[in-house]
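A lone chain, given as structure tokens: the form predicted on its own.
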Amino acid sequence: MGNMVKLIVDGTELEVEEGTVLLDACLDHGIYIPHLCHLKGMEQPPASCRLCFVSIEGIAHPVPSCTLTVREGMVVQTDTNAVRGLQISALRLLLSVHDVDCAHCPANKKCALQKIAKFLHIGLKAKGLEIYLKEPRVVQDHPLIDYYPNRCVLCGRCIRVCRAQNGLPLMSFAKRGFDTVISFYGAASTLGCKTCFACLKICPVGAITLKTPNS
């Protein structure tokens, strides 16, 4: 174990190993911070979901906790009005491109979006925002799995875990803006997929599912 540092999070003193990512330090100590794209041990966190904001004493604006490492004497607040405002805005934007059909989703009751919405005390129906859904609703190009772009939150977890498992990703982001989706590398992807399915297991929202006999 390396050197230990002490920091204050929401008035509670934590002692963690130097170099620990702030988001991990909080989660490891039972302090929940909404997040989607973060995976423990990432060298270059994308900070793409814009949910894990915290306020740091001495820094004017909230910052993503996945991009910071702990330091001695750091004073952190996870529940300021500014933090909550940013998190709610990010979640509402995600919900505006999300097909809210929980009853027919395999991630129902274990979905990250459900957990975050409950934590932030907002409904899953995006009020005041136009809903934008992609076509087709189900992409069935892959021989083993189906992809639901309107469930996908584009967290990138599947791409990163695929690279870790196979030495290179067999999937990637495709297109841009609201049309961004996950794309698979054709028939070559089956070489690693037959015994893996790590992407399915890591998906926080049920956007990747095993292909059914009728699909």
Partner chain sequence: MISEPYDQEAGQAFRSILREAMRRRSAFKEAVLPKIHIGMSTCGIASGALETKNAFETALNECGLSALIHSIGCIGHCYAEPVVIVERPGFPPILYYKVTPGKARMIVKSYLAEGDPLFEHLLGAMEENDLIPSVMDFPRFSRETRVITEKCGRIDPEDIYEYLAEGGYAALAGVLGRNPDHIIREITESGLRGRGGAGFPTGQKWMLARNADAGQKAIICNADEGDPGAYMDRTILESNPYQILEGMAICAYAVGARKGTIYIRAEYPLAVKILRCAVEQARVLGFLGKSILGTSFGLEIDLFEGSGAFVCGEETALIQSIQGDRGMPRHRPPYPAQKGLWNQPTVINNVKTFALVPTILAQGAAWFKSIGTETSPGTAIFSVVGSVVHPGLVEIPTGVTLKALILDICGGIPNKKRFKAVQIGGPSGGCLPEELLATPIDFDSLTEAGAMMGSGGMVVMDEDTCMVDVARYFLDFTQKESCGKCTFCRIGTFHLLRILERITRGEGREGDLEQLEELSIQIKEGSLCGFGKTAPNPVLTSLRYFRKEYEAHIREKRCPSGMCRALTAYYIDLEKCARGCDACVGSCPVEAIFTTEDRKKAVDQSLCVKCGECMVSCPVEYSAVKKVSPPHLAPVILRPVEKEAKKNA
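Numbering follows the first chain given and starts at 1. What you are looking at is a predicted structure, and each value in this text was computed from that prediction instead of being measured.
The same protein also has a form predicted together with its partner chain, omitted here; what follows describes it.
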4.5 angstroms heavy atom contact with its partner chain in the predicted bound form for R157 | no
Report whether the minimum heavy atom distance between C162 and its partner chain in the predicted bound form is within 4.5 Å.
-> no
Heavy atom to heavy atom, is P136 within 4.5 Å of its partner chain in the predicted bound form?
-> no
Is E130 a contact residue for its partner chain in the predicted bound form, using a 4.5 Å heavy atom cut-off?
-> yes
Within 4.5 Å of its partner chain in the predicted bound form, counting heavy atoms only, one of 102-110, 121-129, 141-149, 72-80 shows up; tell me which.
-> 121-129
Listed residue that, although its partner chain is not shown, lies within 4.5 Å of it in the predicted bound form (heavy atoms), from A47, M171, L39, L27 | A47
So, A90, R176 and T180: all three within 4.5 Å of its partner chain in the predicted bound form by heavy atoms, or not?
-> yes
For the stretch 81-111, return the residues whose heavy atoms include at least one within 4.5 Å of its partner chain in the predicted bound form, in the order they occur.
-> L86, S89, A90, L93, L94, S96, V97
